[in-house]
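As a starting point, one isolated chain is supplied in structure tokens, in the form predicted alone.
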């Protein structure tokens, strides 16, 4: 996944990457040789953030690389363009930032993510081995960056795999592989057993597919440690059901399991850091397909909580499968329940593709996630669980409907639906996200994306990691 990163030791003699703070450029330049000054001037280089300049070495050889940066939350991306642009060779960060752990971690994370590629389905043309290598010091900052990068990489990979190779069973296999790596216990309730063990909503949505629905359950850590439960929407493909999506909207629906990818990536970070928590991950994994067995508009469904739900729209299936998982999550009275879901287009209309919507029943939790998100450039934005909208989920035939009759406030309505099933969780947050980059940017290629998990990891680490 990140084979462009290598360990730096006494035998490594890398080409130097010299970071220059944008505001310190003139001071740095004044200390350089006349030859360097002339080269910099000839190239019009000013060390703006993310701007690179190769300096010549002796005998026409490649000498060193300058990279401009600003030491703020976005510094990660200032370094992320390097792996893709550097010619073949081995490179390493200069000693000038090795004592600045926070900056080194940002730089290292950017260098990791800048080399991410999803090439599972591409023929090996030999170019992979000719890429630039980045040699990082074996320090705590680099180790932290690697942990976060591998969690993000896992989430991206899972989302990028197409649905023909990432159905409910394959998602379960991915969870089991992760569990095996860290000694977690992974189990699954599959097919008709969902009805026997009272997870009827998950079963109903997934019953229309030939690929059996399931509830994936990963447990790790000391049973007596603070309980943290993560819930991820695992709709491996979403046709919309009988409320069929148009083909243009269906094209990216392999990413509708993006919530499950987030929680597995986040779980990897937590377990690799060996945080002193009892972690549980619940993933309702289904496909929402059209068939003679598929559920229909106006059907009335049972849920684990005992509430009945009238189906106003079969394309609002994510909240239905999450209802059973959230009920189970809340039943253990954990310290924290956080769910991730690619739930509503309404959240994207309100906040755009790069800013997940955050809902919570706990102001301290919401504020902590917001603050961490801004500090780490992994943002989310809080929207309200607005009580005045709750009656819009009323049904004349069942305890509630899965949608509102109004076209407005759709992200809030979906969160209010989930709130009914998270009831009893003393601290719960719901993160409604895109999980996809629509365009290429340094370190953020087009395709699956992790959103919010760095902010959540930091909050869990700060609260429970001591």
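Worth saying up front: this structure is predicted, and the values here are computed from it rather than measured. Numbering follows the first chain given and starts at 1.
One more form of this protein should be noted, the form predicted in complex with a small molecule, which is absent from this view; the next part is about it.
Visitor: With the partner removed from view, which of 320-328, 191-199, 178-186, 247-255 is the stretch that lies within 4.5 Å of the small molecule in the predicted bound form, judged by heavy atom distances?
Guide: After filtering at 4.5 Å, what remains is 247-255.
Visitor: Quick one: of 67, 412, 422, 403, which gets a non-hydrogen atom within 4.5 angstroms of the small molecule in the predicted bound form?
Guide: The option sitting close enough to the partner is 403.
Visitor: Answer with one of 310, 378, 315, 105: the residue that has a non-hydrogen atom within 4.5 Å of the small molecule in the predicted bound form.
Guide: Result of the distance check: 315.
Visitor: Whether residue 303 contacts the small molecule in the predicted bound form should be assessed with a 4.5 Å heavy atom distance threshold; does it?
Guide: Close contact is absent here: in the predicted bound form, residue 303 is far from the small molecule, nothing within 4.5 Å, heavy atoms only.
Visitor: If you check in the predicted bound form, is residue 204 within 4.5 Å of the small molecule, heavy atoms only?
Guide: No, residue 204 is distant from the partner.
Visitor: Does residue 343 make contact with the small molecule in the predicted bound form, using a 4.5 Å heavy atom cut-off?
Guide: Flag for residue 343 set to yes.
Visitor: Any of the heavy atoms of residue 434 lying within 4.5 Å of the small molecule in the predicted bound form?
Guide: Yes, residue 434 sits close enough to the small molecule in the predicted bound form that at least one of its heavy atoms falls within 4.5 Å.
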